[in-house]
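The chain below stands alone, shown as structure tokens; this is the form predicted on its own.
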């Protein structure tokens, strides 16, 4: 998939992903195919889609944390603070080790299981600092400061406690503190509010937004929660079955969704006082893709149905508004009888 840049903020990209395809040995279809996306300095980009759409594979690929059975093609260029540009997919192992935590950090899913129950919070929080040469005293001082920054009271006492002594929301705050301890430029947050109640979710979102403002942090937010996206993100990038199908400023995408899958996702969001509607099935979404579409009358890209490749496997991102693009079938891939409308 190819297309123009789609970010909503000014400035050069901090992260530029070009033509990412990733999959696993033995699987018939890639988990991610032809993804092109960028994240600018100080920007929050939300990668949205249902479970299995390829969001987490995309995130893990950036730090090369996929299992050995995985393969990756494409480029992902990251700009370090020194100005050095690193291709995350071809950089030597030593370079990746120096990047992880220091330049790019990640909040993983499931705070309940991400912390080791047999080590104290402080030991886990400061392990990276100690491995990078900090003394135990320096690591503790910075660790307690990080706990305070994410809103954990009595950080000195909490530092010596174990994960089971923390609530789910507090564990998630610890994970955020751990991810930010070495002042990365890019934070990858993979479902950061999973399993948290709505009050704690709001607190975590406010915390991420505040850290973006105070640190100039860029965030790649992986989620299926559209309410979360509308609240904190600048750019929404929608994935469907491994493909990026729509990307643009959040307000534009939510107000004028162009792809049938994006419209289906938005229709699933509950609204107070609105009548209940039958949720669209995948068959409904695929059927909604028929007919002319976009400025050139092309068909919206849809995945093949039951192995049928008539819809075509190639697609491009076609502009439909300022910074707003949607996936359409490449001209050479349109099936016979489905030529673009004139």
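Remember, predicted model here, so these are calculated numbers, not experimental data. Residue numbers count along the first chain shown, from 1.
Here the subject shifts to the form predicted in complex with a small molecule, a form of this protein not shown in this document.
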Review point. Using a 4.5 Å cut on heavy atoms, which of 53, 38, 33, 299 is close to the small molecule in the predicted bound form?
Key: 53
**Study point:** Touches the small molecule in the predicted bound form: residue 234 (any heavy atom, 4.5 Å)
**Key:** no
Check your understanding: Just to confirm, residue 28 within 4.5 Å of the small molecule in the predicted bound form by heavy atoms?
Key -> no
Check your understanding: Taking 4.5 angstroms as the cut-off for heavy atoms, does residue 191 touch the small molecule in the predicted bound form?
Key -> yes
Check your understanding: Does residue 57 make contact with the small molecule in the predicted bound form, using a 4.5 Å heavy atom cut-off?
Key -> yes
